[in-house]
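There is one chain below, alone, in structure tokens, taken in the form predicted alone.
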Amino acid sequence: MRLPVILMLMVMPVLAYAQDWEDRRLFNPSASGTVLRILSSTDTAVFAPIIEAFVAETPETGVEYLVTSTAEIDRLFRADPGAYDVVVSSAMDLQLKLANDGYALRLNDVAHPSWAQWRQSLFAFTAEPAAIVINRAAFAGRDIPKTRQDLIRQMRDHPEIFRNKIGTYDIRKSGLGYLFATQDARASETYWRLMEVMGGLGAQLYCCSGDMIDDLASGRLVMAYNVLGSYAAARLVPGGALETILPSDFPITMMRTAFVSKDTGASGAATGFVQHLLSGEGGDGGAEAPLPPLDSASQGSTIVLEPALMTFLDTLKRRRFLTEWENAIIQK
């Protein structure tokens, strides 16, 4: 049985003390029925319109929305899968592994394209590219790079512009960053040359896209690599400081996914929320960064929900990949 809302509110301070959430918010606190606990990597400002549309349709349901990193989601959920009802993450590989390990509830009554779901238990609902984001002022009078090779040439020709002003994910800590890195490396050896050049210029490492974009806007960075495209798009204004580049050599697009916990105590409401996600309702209703719809996916560049996606989660393969990455990007 789910906790009543009043009791839930009493328990929430204890939960907050136990876990240092990036953000935590209760939607529809006056709800008389179930309080869904949603564990997510998506910023509240981005996701709030989707939740608000859902609780408007189901006023008896409340939602506790808990935001943390993709890697932390995997750790927390595996430790206590009954504590959360729905899991939303941009780290497709970690999500697929959770579903494949039996943590996700099979939803037989949910209709969804075969290429955007896994065994009726994991469902994609957005398509979001990995982008290069630049501060335009740093590229004044020079060509904007369109490919990774263009970017490598620019960094080698003008090291004084880029030194200590390049940002990218710390893939040891970011599940999404690790996903993008492994997919880049699978696509082309150019990725490793790019990492070596960035490492030689003192690349700064980040946990998340939002922090990279903040530092680009302030001028602390001149370029950020593999930023989540939807977050960058939210900060773009005509004639503004930032510009997004989708590399034309081998574009990478991830799909944000969601599943219902197999151990949920509120399967009906949780399933209803996933169905709401897949319907697309509320996804662009005033969100600070509307999430790109699934139908914007290009089949050729989109990471596929398939067993091969879990290859680099193997302990030995992950260790080797991280060692090679550290040797390239952390140069002393």
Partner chain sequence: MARLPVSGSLRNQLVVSLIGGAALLALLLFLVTRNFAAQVAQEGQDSILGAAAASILDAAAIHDGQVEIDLPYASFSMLANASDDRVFYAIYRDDTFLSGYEGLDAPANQADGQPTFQSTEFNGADVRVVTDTRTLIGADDRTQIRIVLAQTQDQLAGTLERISRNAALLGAGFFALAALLSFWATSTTIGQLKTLTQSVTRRGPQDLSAFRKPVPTEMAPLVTSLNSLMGRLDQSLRQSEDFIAEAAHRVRTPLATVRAHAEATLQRVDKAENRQALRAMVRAIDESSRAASQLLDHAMITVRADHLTLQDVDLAELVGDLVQRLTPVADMKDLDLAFQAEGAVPILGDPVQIQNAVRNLIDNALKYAPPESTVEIAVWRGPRPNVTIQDRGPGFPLHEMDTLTARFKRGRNAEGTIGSGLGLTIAHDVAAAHDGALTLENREGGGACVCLSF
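Residue numbers count along the first chain shown, from 1. No experiment lies behind these values; they were computed from the predicted model shown.
One more form of this protein exists, namely the form predicted together with its partner chain; it is left out here, but the text below deals with it.
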Q. Is there a non-hydrogen atom of residue 118 within 4.5 angstroms of a non-hydrogen atom of its partner chain in the predicted bound form?
A. yes
Q. So, in the predicted bound form, is residue 322 in contact with its partner chain at a 4.5 angstroms heavy atom limit?
A. no
(Q) Against its partner chain in the predicted bound form, would residue 306 count as a contact residue? Criterion: heavy atoms within 4.5 Å. (A) yes
Q | residue 102 within 4.5 Å of its partner chain in the predicted bound form, heavy atoms | A | yes
**Q.** Contact assignment for its partner chain in the predicted bound form, among 112, 186, 158, 173, heavy atom within 4.5 Å
**A.** 186
Q: Select, from the options 145-153, 91-99, 250-258, 127-135, the stretch whose residues sit within 4.5 angstroms of its partner chain in the predicted bound form by heavy atom distance.
A: 91-99
Q. Within 307-328, which residues come within 4.5 Å of its partner chain in the predicted bound form, counting heavy atoms only?
A. 307, 308, 309, 310, 311, 312, 314, 315, 316, 317, 320
